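One protein chain, two forms: both are listed below as C-alpha cells, the first as structure 1 and the second as structure 2.
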Structure 1
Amino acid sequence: MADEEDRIGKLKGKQTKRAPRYFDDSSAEASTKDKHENEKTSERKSEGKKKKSGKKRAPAPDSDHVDRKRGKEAWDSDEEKDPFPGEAPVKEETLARYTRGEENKIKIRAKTAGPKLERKAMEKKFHLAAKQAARAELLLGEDHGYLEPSDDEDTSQLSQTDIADAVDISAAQKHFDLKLDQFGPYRMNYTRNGRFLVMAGKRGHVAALDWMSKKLLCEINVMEGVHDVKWLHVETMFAVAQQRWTYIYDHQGVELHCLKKFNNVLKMEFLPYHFLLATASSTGFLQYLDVSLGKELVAINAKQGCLNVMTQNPQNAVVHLGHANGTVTLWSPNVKEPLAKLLSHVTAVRSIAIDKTGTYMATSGQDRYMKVFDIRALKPLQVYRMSAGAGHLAFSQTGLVAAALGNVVEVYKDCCSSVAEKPYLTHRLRNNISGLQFCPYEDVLGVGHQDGFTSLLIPGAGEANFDAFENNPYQTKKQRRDYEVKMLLEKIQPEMIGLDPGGVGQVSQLTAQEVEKRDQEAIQKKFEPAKKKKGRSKSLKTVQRTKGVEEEWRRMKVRQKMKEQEEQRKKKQKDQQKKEKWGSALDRFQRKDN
C-alpha cells in the first residue's frame, strides 16, 4: 500500500508541472531561476576544488591599480625629498601665551585606572588646543601692523607714496589731500569712533564730512575768525570757537546755540563721560559748560594770562593748561586752585599731549625740547632735543607720538618707556602745520595746515579692535539714539573729577564725630598766624588770633546748622499749608458724617 501511494504522489507531482509556453511569464521566470541556481552550484563546486588544492589564482593586472601604485611610490619619494618634513614648529614664546599652566601633578588614589586616563586625555587636549591657538596666531588681526625694516633700511626715509603703493586699495584711499588755500590755516577734530571729521579755517570756513566715504555733511562760512572746533558727544553737534563768542551747530550747519558767556575762546576740550565742554580764553579764564543742561558750570580765573595751550587727561578728565612761564597746571571744576603745578620748561609751553591711559604726558616748549613726564609721579622720564620747537603734539592709541616741527611731521615709536634714537616716520609739507590728531581705530594721522588738510598713513597707529558698545564707526541712526540715551543715563557728575578717579567708589567708614574732629585738626594745623611787627607777634597775641579763628569756624558751623533747620521748618510749614488748602488725594474716601 505504501509503495502505491508513493507512486501516485510522484505521478501527481509530474502532472502539476505544465509545459512551457512562449506567452507564459511564470514559465520564463522559473527557467531563469533554474539557470541561476545551476550557475551558483557550479561556482560553489569550483570554489571547493580551489580550497582543496590550496592554490589561489592571481587576478589579472588592472591598469588603474598600477597607476595608483606608481603614484603612491612617487609621493613616497617626494616625502623623502622634503627638506622640512612634518608639521611646522611653534615658537616656545608663542606657545607660552596660550598654555593653561603647568600639568596637574596631584596623585589620584583610585582603585581603577579610569580617572588617571581621563586626566591624561584632558592634558593632551589642553596641549593640543594651545598648540593650535599658537599656530593660528598668524591669522589674527589684533596686532598692530608696524613697519618692519631690514637691517640696512630706515623707515623714516619712506614716503607716503611708497606706503600707499604697498598697502591694499581700501587703505590707500585713506591717504588724501584737500586743497583749501583760501581760508586756512585749518584746525580739525575727529569723532570718538573715528568716522567723521570737522575742519575749521581761521577765516571762517567750517566743514563737516564723513572722511571715509568722502561724503560732505555741511559746509558753511561763519563770516568771522575761528580759533578752534570740537565734536560733542555725538556726530550731530559740534562747537565752534569764533572770534567773539562760541556757537553750537548741528551736522547740517544749522546754528543751535550762541554761548555769549564763553567769549574770546582760544582752545576747547570736550569731556564725553561728564558732558562738559571746557574752554580756555585769551582773558585767562577756564570755563565749563554742561552740555546736557545748557548751563555754565563754573568759571575759574587761572591768573596766568592768555590760555592758548590746553588738553585733557582721558583717564580722569583733568584739564592740563600750559603757560608762558613754562609751567603746566592741572585743573578740576571742583577747585578754584590748580590740583598740581609742574615746571616743565624754562621758556613758554607750546603744546601738551597725554596718552589714552593717562600715564604719560608729552610737552614741548620754545627751548626746542620735548619732554615726556610720568603723570603719576610728576617726574620727567625722557628729554629730546628737537631741530625746531614742536608747535603741536599728539598721542596715538598705541603710544606713537607725532610732533609738528614747522612744516615737518615726525612720528616717534616707543619714546616714552625708552629712548627713541630716530623718528619712526617723517613727512614734509609745503606750509606750516596748524593742527595734529590721530584718527581713532585707524592708521591715519590728520594734519591741518595753511593749504587745507592732509591725511597721512601711519602703520600701527590705531587700535586694531573697537568696542561696538562704546565706539561704533558703523552704527545706525537707531543705535546712535540708544547710545546717546545710555550716555545720559550713565553721566558722571563733575564732582567726581580728580587726580585719583579710583577713590570715587570707596566708602568712608568714619563717623560724624570723627569727621568733625578731623576737620578741626586740619584747621588748627593749617592756620598759622602771620608774623606782624611792633610787638603784635608775641605768643599771647598769636594764641588769641588762633582761638579767634577757631571760634569763628565754630560760629560758622552753628550758623550753617541753624540755617538748615530753618529751611526744613519752612518747607514743612509750606507743605502743611498746602495740605490744609487743597487737602489730600485720599480725603474723598473718608467717611462723611451727617
Structure 2
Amino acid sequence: MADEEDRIGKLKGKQTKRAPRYFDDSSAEASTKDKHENEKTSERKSEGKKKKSGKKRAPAPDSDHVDRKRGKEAWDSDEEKDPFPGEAPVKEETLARYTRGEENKIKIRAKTAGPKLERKAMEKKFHLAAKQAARAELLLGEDHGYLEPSDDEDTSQLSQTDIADAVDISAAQKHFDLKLDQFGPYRMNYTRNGRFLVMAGKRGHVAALDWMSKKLLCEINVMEGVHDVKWLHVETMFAVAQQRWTYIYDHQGVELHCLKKFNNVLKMEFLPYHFLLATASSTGFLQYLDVSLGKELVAINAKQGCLNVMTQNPQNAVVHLGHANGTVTLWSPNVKEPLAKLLSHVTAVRSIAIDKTGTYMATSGQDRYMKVFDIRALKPLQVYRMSAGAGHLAFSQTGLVAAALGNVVEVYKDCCSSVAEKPYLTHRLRNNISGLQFCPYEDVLGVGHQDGFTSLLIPGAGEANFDAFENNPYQTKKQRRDYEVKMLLEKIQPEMIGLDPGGVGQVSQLTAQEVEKRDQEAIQKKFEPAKKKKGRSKSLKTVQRTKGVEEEWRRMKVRQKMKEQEEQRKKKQKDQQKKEKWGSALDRFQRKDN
C-alpha cells in the first residue's frame, strides 16, 4: 500500500512540477514549491529510505507509460487504484526453483569494459529466462490431489473405499485389484509416462497392459522363475530377469533378445537418458547393458556377495546398492570402485528409494529402522522406528514415501525434511508385498503381492502437470516414434555419469594450489639429452650435460624469483615514498587551521 501511495504521489508531482531528480537539493526545491508539495516530497523521501531498508521492492509499473495512457484526470482522487499495475509479481520461492545457480561473481581482469558488459547482459538474460519460466506456472492446467482433514479427523484411518467413494468415477476406477493367485508373488513396473504396466509373477507369468483402460498388450508364461521386470525407454520393450538369463520381450510378448551374459539377475534398473540397463545379480556383479547398441558396457564385481537391493538416482544416474552388512554403495559404470559408501544400518539393508530431485534417499533395514539421508551431503536426516523392516520403499513424484511392512502399506508425507508423526495413509493387504511403485503423473500406488496386483489411490502423490517433451501420458504412436528418435539422438554417453550431473556445463576453476602444482610439474619436466655423435653421447657426457641444463634451469628459477622480489620491494618503496610526499588521499579533508 505504501508503494501504491508513493507511486501516486510521484505521478502527481510530475503533473504539477518538473519531476524531482536525485541530485536536486532539498533547499532549492523548497524555494520553488508550495508548502503542500514540500510535505509530499519529504514524505516520499522517507518512504524511499524505508524501501531501501526493506527486503525487496515490488515491481512498479513504468510511471511515464501509465501517465501517457491514462491522462490527467484519472489521478485526481488518491483512492483510485491503478487498473494496470504492470506484470504480476513472481514469488521469490517460485523464482528460486527456476534459477540455475548463483550469479557469476568471478572477477574479470580485462582492460576493456567489453567482457564485463557482456557478462552483465548474460546474467540479465538468465534472470529474464528464470522469471519467464516461473511466470509460465500460471499456464499449468491441473491442480495436485490432496486430502484435507477437518480438525478431529485422521487421514491414516481413511480406507481406499472411502477415497474411491469420495472422488469422481474416472478416478475411482483407478483403484482396482487383479486377482492372480497362481503365479505370485508379483513384481511390477510402470512406464515413464505412467501409461503402461508390466507385471511378472515369480512362477513365470508376465503380462503387460494399459492399466487405465485395462487393455492387455500381452500375456505370456516364460516357464521359468522371474526375479524382476522393467520397461525399457518406450512401451514396446521390456526386460525380464529370469531364473538363469535376462530376456528382452516386445509389447506383443515376442522374445527379442536373450542376454546370456546377464545371468542370475535379481534386480534391474533402466537409466532412460543413457539407454543403460543396470542389473544386479546374485553372483555379486553389477552389469550395465547399453540398450541402444546391445552391448555390455561393463561388469563390476561389487565384492559384497549377493546383490538384491538396488535403485537409481534419477538426477545423476548413479546406481545405489544395498548390502547385507548394512552399507549402501554408490556406483557409476566408469569406476570399478564405489563412488561413495554409506553405513546406514547395522543389519542388512532391505530396500532403498531415492526421490525425484535426487536429494533424499530412504533406506530400510532388518533392524526395523527407516532412515532418510541427504545424498548430496551423505548425511542422515531422519530416523524412523517401524513396526517391521520395510521390504520395499518408494518415493512418489511429490515426495511421499511408501513403505511395505509385511502385508501393510504405509505412506508418509513430509517425512524427509521434517519428522512425520504418523502415516499419511495406510492400507492392509492379505499377503506379503513383493513390489511397490508410485505411478508417474497419477495419484496411484501400484502394489504387487502374492495374490496379484492392487492399485491404490494416494491423493497428492503424482505430478499434476507433465511436460510433453519429456513424458507424455497421452502420446500417440507417431509421437512415440519421434520421441524415440529424439531420445536416441540425445543419448548421454555413459562416461558422463558421476555424482555431479551438471559438471559438463560449468567452467572448471582450479584452486591456487592446483595451479601451482600444475606449474611446478611443467617446470620440473626432465631434460632428455639429444643423441649426439662422435662419442659425445657416452653415459658420462649425457649425465654431465643433463646436470648442466638442470642446474641452469634451477638458476633461472632462482633468478626469476629474485627479480620478482626485487620488483616487489621497489614497488613498496615507491608507494612509501609517495605516501610520505603526498600523504593519504583523505588528508585533503583535514582542517587546515590545526
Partner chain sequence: MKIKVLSRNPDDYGRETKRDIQRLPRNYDPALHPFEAAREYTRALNATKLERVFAKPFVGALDGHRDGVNCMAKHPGSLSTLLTGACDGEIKIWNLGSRDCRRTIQAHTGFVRGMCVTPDHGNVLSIGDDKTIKMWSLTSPEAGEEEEEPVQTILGKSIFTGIDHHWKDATFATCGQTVDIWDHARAEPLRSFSWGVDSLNCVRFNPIEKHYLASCAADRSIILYDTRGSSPLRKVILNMRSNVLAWNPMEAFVFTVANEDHNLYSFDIRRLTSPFNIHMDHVNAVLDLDYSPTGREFVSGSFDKTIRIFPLEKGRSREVYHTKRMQRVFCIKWSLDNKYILSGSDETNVRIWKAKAAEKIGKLTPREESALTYSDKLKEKFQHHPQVRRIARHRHVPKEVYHLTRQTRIMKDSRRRKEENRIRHSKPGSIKKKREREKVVVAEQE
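Computed from a predicted structure; not experimentally measured. Each residue is numbered by where it sits in the sequence of structure 1, with counting from 1. Between two forms, the rigid core is defined as the largest C-alpha subset superposing within 1.5 Å.
Discussion item. Only one of structures 1 and 2 is the form predicted together with the partner chain; identify it.
Written reply: The chain shown as structure 2 is the form predicted together with the partner chain.
Practice prompt. Align both forms on the core first, then report whether Gln513 has a C-alpha shift of 2 Å or more between the two structures.
Written response: Yes: Gln513 shifts by at least 2 Å between the two structures.
Worksheet item: After the core is matched up, is the C-alpha of Gln493 off by 2 Å or more between the two structures?
Response: No, shifts by less than 2 Å.
Worksheet item: Once the two forms are fit on the core, has Ala130 moved its CA by at least 2 Å between the two structures?
Response: It does shift by 2 Å or more.
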